[in-house]
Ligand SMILES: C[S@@+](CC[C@H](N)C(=O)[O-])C[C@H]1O[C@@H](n2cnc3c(N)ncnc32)[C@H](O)[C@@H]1O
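The chain below stands alone, shown as structure tokens; this is the form predicted alone.
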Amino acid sequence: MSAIEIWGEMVRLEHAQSDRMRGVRPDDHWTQCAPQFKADPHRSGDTLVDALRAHLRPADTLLDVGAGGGRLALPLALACQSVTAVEPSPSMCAVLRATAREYNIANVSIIPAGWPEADVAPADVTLCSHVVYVVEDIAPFVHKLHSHARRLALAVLFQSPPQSQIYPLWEQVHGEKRHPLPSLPEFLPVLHELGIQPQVTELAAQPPRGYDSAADAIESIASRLYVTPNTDAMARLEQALADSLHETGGVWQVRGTQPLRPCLVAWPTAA
């Protein structure tokens, strides 16, 4: 199989397994957690924002594909001429609009659509951060990122799947191994097959996710494992977390969880 075919098969297998466990897919997966994606556009010390800002020029226009609640679009709008945020989730768009109003950032426009169908003009730079993992048809997605960037295309991916920290719990709860989503190791061969030779920059590792309480941890992890209350699966999850959940300094974490390391993938698009 080619790298592009391997990518698509990994996404198909993961999606089929997820659908089998959760049943009907929600219309807007982000409804409950969208407010968590709000962030101060003027924050300092964000290594990803700093790394992205270093690639922007004051006169640049930027396309942020899968912009979410604007965690990147809004701070980057302060460093360039304008940002077009492409985002299909209504709840994420609502957070982005509200935060832009709150901080009086007027040079961000929102296209409420997915990237494949979005009717949007090219920009100097395109950005896609932590989105491609779930894109089954990856080749046209990347082609559009490339063709819509007059100067530079940027992608941000973890070196391992975003949910890989809870894959061991998936097996304990559901009795089968989790089909992993593709991530950086699969993305780079896809780019090479498309004739793209990128530059890859490792960024600071993100510490394992912490929770405010044991109950908060159980609720959050159950949601990501598609486990509902008062079921055998919930009983198994509670037992697994009773053995692995620990508290340090008021923060609850799953014992043995490894940090996730993001990488910035950049390639020029100018002829």
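In case it trips you up, residue 1 is the first one in the sequence shown, and so on. Since the structure is predicted, the reported quantities are computational estimates derived from the model, not experimental observations.
Missing here is the form predicted in complex with this ligand; even so, the following discussion is about that form.
- With respect to this ligand in the predicted bound form, the three residues Leu72, Pro88 and Val131 uniformly fall within 4.5 angstroms at the level of their nearest heavy atom.
- A residue is said to contact a partner when one of its heavy atoms sits within 4.5 Å of a partner heavy atom; Phe141 meets this definition for this ligand in the predicted bound form.
- Although the partner is absent here, Pro189 lies well away from this ligand in the predicted bound form, with no heavy atom inside 4.5 Å.
- When contacts are judged by a 4.5 Å heavy atom cut-off, Val65 counts as touching this ligand in the predicted bound form.
- In the predicted bound form, none of the heavy atoms of Leu154 sits within 4.5 Å of a heavy atom of this ligand.
- The partner is absent here, but in the predicted bound form a heavy atom of Gly114, alone among Pro122, Pro180, Pro168, Gly114, sits within 4.5 Å of this ligand.
- You can rule out all but one of 100-108, 123-131, 142-150, 190-198: in the predicted bound form, only 123-131 has residues with a heavy atom within 4.5 Å of this ligand.
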